[in-house]
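Here we start with a single chain on its own, the form predicted on its own, put down as C-alpha cells.
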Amino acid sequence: MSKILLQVEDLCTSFFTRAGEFKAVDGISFYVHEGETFGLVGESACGKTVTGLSILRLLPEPAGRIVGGKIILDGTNLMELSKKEMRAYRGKMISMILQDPMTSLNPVYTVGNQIGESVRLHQGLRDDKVEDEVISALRLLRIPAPEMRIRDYPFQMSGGMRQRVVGSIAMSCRPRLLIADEPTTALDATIQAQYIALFKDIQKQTDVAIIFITHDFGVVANICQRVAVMYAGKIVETAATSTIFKAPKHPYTSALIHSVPRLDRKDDRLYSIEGQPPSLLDLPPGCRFAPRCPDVQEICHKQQPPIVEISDGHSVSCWKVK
C-alpha cells in the first residue's frame, strides 16, 4: 500500500448561530493514501461537504469554525498554517470540485479566463504559456476542441461540460489531493458513467488522491477503494468498499445499501429508512442513529458507542459489534 497522504484526526467543525452551536462534524478521523479514491457517504446534511470545506479551510466565517482536531497533508498540519500560507496550498496541493457548476463558475468570464486564474496564481505563468496550460487542463477532462472552448462562457455549455470545466479548474495545477463533492449528482445516468470513467483515467495519469463525496452507493461501488459512512456528523463505519458491500456491520450502512434499487429483483416498494436524522443543535446523548435503528438496545439511548476495529481496516461505531 502506498503511503498516507492525508490524515484527519478528531476533526470537529461547528456553526455558531443565534440558536446555538450546530456540531456539523463531531470528532471524525480517517486517512487517504496516495493515488487512492476514498468515498465519504451519507444522507444530506450529515457533514460530508463540511468535512471537505474544513480540509481546505474554506468555511464561511465567522459562523463556521474548526474547533478541534488535526488535518495533516503530506506531513504538514494545515491547521497550523496562516491564511496566506493556506492560499498557496489550495489549488496547488489540494483542490475541490463543488457540487453545482453553475454556482462555481462566474457567468461573466470565459472558461479560459477562469481556469487561467489558477494557473497564473500557482504556476506564475503568463500570456501564451497560460493559454497552453488551460488547453492542456481542458484536454485532460476530455473537452472537445479545447482551443475554441476556452473562449466560451459557462451558459454556452451543457451541464456535463460545465462539470468538466470545474474539474479542469481543480486539476489545472495538478494537485496531490482532489475533493469531489457529489460531482455526478446533476448528471444523467449515461453522462454520469462517462464522468466516473474519466475520473479513473485522470487518476491513472496523475496519481492524484481523491475524496469522493456522495450519497449514492452505486457510484461508490464503481470508483472507491475504501469508504467511510457518515451520520449526523460522525463516521459510523469505515472499510474497504468490497467489505462494506459484502459484510456491512452498522445498521445505517446496511440500510443505505438496501436503499439502492437493484435490477435483479422486483420490489413493489422501494426501501426507505424510517424517521429523520437528529437536529445538530440538540443531539441525543447516545447513538445518533438509535431513534431510527431496527436493532436498538437500551444502552444505545444512553451512551455513544466507541469505534471498534473488527478487522484490518474495518472499524464500526455500534453497540451490537463487540
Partner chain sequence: MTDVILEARDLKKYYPVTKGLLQRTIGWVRAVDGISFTIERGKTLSLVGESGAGKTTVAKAVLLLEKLTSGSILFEGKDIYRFSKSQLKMEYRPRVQSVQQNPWSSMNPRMRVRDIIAEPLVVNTKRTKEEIRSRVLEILDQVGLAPNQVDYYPHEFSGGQRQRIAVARALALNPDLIVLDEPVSALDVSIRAQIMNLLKDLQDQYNLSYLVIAHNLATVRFMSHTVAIMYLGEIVEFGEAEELFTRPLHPYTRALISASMLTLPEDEDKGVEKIILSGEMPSPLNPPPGCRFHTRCVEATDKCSKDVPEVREIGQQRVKCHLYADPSVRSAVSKGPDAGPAGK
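Numbering follows the first chain given and starts at 1. Since the model is a prediction, treat every value here as computed from it, not as a measurement. We call the rigid core the largest set of C-alpha positions that still match within 1.5 Å between the two forms.
Not pictured, yet referred to below: the form predicted together with the partner chain.
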Checklist entry - Thinking of the partner chain in the predicted complex, which stretch from 58 to 66, 278 to 286, 263 to 271, 26 to 34 has heavy atoms inside 4.5 Å of it? => result 263 to 271
Checklist entry - Which residue, P248, P154, G160, P146, has a heavy atom that falls within 4.5 Å of the partner chain in the predicted complex? => result G160
Checklist entry - Using a 4.5 Å cut on heavy atoms, which of M86, A197, I72, L121 is close to the partner chain in the predicted complex? => result A197
Item to check | the partner chain contact at N222 in the predicted complex, heavy atom, 4.5 Å | outcome: yes
Checklist entry - Is there any non-hydrogen atom of L40 lying within 4.5 Å of the partner chain in the predicted complex? => result no
Item to check | Residue contact check: H215 to the partner chain in the predicted complex, 4.5 Å heavy atom | outcome: yes
Checklist entry - Can any non-hydrogen atom of T190 be found within 4.5 angstroms of the partner chain in the predicted complex? => result yes
Next on the checklist: the partner chain is absent from this chain, but in the predicted complex, do S44, L256 and R292 each have a non-hydrogen atom within 4.5 Å of it?
Outcome noted: yes
Checklist entry - Taking the partner chain in the predicted complex, which residues along 53 to 67 bring a heavy atom to within 4.5 Å of it? => result none
Next on the checklist: Checking S272 here: with the core superposed, does its CA move 2 Å or more between the shown form and the other one?
Outcome noted: yes
